[in-house]
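Next up: the same protein chain in two forms, each one alone, written as structure tokens (structure 1, then structure 2).
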Structure 1
């Protein structure tokens, strides 16, 4: 459904005077999502994961440069195609209630999303009502304003806006942030149901533990790239399935495992492997060049030692 090849996002930043420097929060990122699959992109907070979602939708700010290939249904995602597809074939579930207009009633916002996905007035109203009941929201909620609903309810409304149309690819940005365990399980359950209905679901999150039971595959994001793409089942106490040392460190850092501290930085080495300076097994080769992806049947890994 969606394939991302060597995606690089760079920002131009103005420093003092006329100096300019380029930031590359995403560099050489690869992943792919199949129909009926829930792919989790895991990375530490603030590492630029959301930029991936914005790049797929073509809504990055103007001072951004995007390089590399984005393929949707096998065809390149050009800015023109992104404009035509977003809201119709590709939908975003944003992080929080802050992404809803504070002065518009929730029902109105879901209806607008339906209209934007290509439905006519009456049909849009019908679809919005259906989306509300699908997520267990009482009809009265459609009269509420965003500030009047709880975090979990806001999540359901956001899910409703994203699924009111018939999008094939749904990108959920941090679907569990700020939710207690029950609500976050519910939020992920909705996404799983979408994948089971044949949609492609891309979940961007920092919460490995919460998303693992629901994901088919996991892409591990570090230093601006996906260091490993592997089956979710490989995250288990038998670490042999994980090929990248960062993935293993991430698993070990979970409280119920050994709580091994992981001091990941968002900015990797300029030339070498982004994990090289923290990795136990790094050597001269790691510092010299970033590893190319090595393919396996269920994914790939970028490591000189895998």
Structure 2
């Protein structure tokens, strides 16, 4: 459904006077999402997760340059095609509730999303009502403006807006933020149901523990690239299935794993592996050059020592 090949995102910024330089928060990023799959994208803040979502949809700012391949159903995602597919075949559950229009009632926003996917007036209203019910929102909420609901309720409205249509690819950017545990499980469970119905679901999240029971595979981001793509089942107390030290460190840092952490190394380098400065296995090769992807049956890893 979606393939990302060596994606690089750079921003032009101005320094003193008329000097300019380029900032590359994403470099050489790879992943793919299959029909019927829920792919979890995890990583620390600033690792490029939300930038990936915005690049797929073509909503990055004007001072941004995107290089590499973005393919949707085997065809390049050109700016013109992104505009045609956005909100129809590709839907986003954004991270910020600021994506809601403050001047439009919530029900109207969900109905508009349904209409964009091709539904007529009565059908759009019925679909919007069903979406509100699916996310535990009372009918009265449809008459509210965004400032009249809590942050958690606003996030559920965003989820309803993105999933009310018939999009083939749903990108959920931190869909469980602000939700209590039961609502979080229900939200992820519905995304899992969409995948089981043949849709492709990409879930961007910090909450590794919450998303693992629902995910098929996990893409681990660090330093603006994919350091590992692996089966979700490999995240377990038996770490033999995890091939990158950062993936193992994320798992061991969970509270139930006693917040264990990797020991820092003094052999890091900005030109090499993005994790080399924190990895206890780092050596001169790690600091000198970024590792190429090593392919495995369930994905790949970028590590000189895999």
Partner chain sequence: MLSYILRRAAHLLTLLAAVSILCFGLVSLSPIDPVDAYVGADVFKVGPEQREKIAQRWGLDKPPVERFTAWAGNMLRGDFGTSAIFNEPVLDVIGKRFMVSLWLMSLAWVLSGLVGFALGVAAGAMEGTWIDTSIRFYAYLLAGTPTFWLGLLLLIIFSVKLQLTPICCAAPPGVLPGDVTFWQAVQHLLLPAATLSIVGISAVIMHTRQKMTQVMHSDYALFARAQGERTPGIVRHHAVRNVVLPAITLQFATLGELFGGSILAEQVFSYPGLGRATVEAGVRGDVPLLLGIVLVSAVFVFAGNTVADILYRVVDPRIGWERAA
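The structure displayed is predicted, hence computed values, not measured ones. Positions refer to the first chain, counted from 1. Heads up, when I say rigid core I mean the largest set of C-alphas that superpose within 1.5 Å between the two forms.
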item	value
Correct structure when looking for the form predicted on its own	2
Hinge assignment for the rigid-body change between structures 1 and 2, options 26, 90, 31, 132	90
Whole-degree rotation of one rigid part against the other between structures 1 and 2	14
Angstrom shift of the Cα atom of residue 152 between structures 1 and 2 (superposition on rigid core)	4.4
